[in-house]
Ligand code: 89V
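Only one chain is included here, represented as structure tokens and corresponding to the form predicted alone.
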């Protein structure tokens, strides 16, 4: 593989701005953002001008034909992922897909199969794994400081107005589980291992949202550990935890508790240690988004390193399929979502 990767990015909307900023920061590490694409020409042109990208397109097929890409980052809404991934596979371009991977598990399986049959590299931009506080929690567990994890609570609970920046979310039939649930379920797998049983309850608390906005799940892991996994856009607590995922993990020799402000309390050998894992605010980031924005940079760096070394990403398509299967199982277990009265 060439020492420098020619990168194209599809989707120049709200969250894609973080992707483009991260890729520009990674130029010294061997990647060049050479083309951007959006069906809205004004957005594509503005992104190209803002980030110094030489070419912009409104048609992805044309971008693939003309840009000689070594990697494409698909940062569009989930309904477009399947056709765009299959297009990238036809052009034999290694691909990153923004989460959620697809609209349903059938689409996800099709994308995994499309990559496997061609022997192509495919990964999901699942950035929660790469948030600095959660990386530290995973490191502490691997160190054995709390022994074997036996119970956990993993939650992303916020009242932040997510609809202001992403108004389309309010119109999704399947909402919080597929938007946030993929993140917290993925972290449950990372921290406690694979899942053998899951139950779920969904709530529709916000009348302005079409789909469910709250999900509460109970998981039993193959290790025997049990976790409560939660996500909501309907929290009313002050201070709001956005955009942090808060965890409480008990092991047979200690515990880990994370607090708002990227603070981690570790109890081990009868003593508690407090760690501060709040990332610095990048030049293109802002509070409180900086926790997520820092993780976008770390995620992109991981994906670039794995592609250049010819190894699967930790968030490979096949790995993310396991997380998506839990999302589907939660919808199945919860049954039909009814508005709360």
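Residue numbers count along the first chain shown, from 1. Keep in mind that this is a model prediction, so the values were computed, not measured.
Keep in mind that the form predicted in complex with this ligand is missing from the display, and what follows is about it.
When you look in the predicted bound form, the only residue of 216, 267, 262, 166 with a non-hydrogen atom within 4.5 Å of this ligand is 166.
For the options 235, 228, 135, 162, the one in contact with this ligand in the predicted bound form, meaning a heavy atom within 4.5 Å, is 162. Stretch-level contact analysis of 172-180, 217-225, 189-197, 204-212 against this ligand in the predicted bound form, using heavy atoms and a 4.5 Å limit, identifies 172-180. Three-residue candidate spot 128, 156 and 242; every residue lies within 4.5 angstroms of this ligand in the predicted bound form by at least one non-hydrogen atom. Residue contact with this ligand in the predicted bound form: residue 289 places a heavy atom within 4.5 Å of it. Counting a residue when any of its non-hydrogen atoms is within 4.5 Å of this ligand in the predicted bound form, the one hit in 77-107 is 99.
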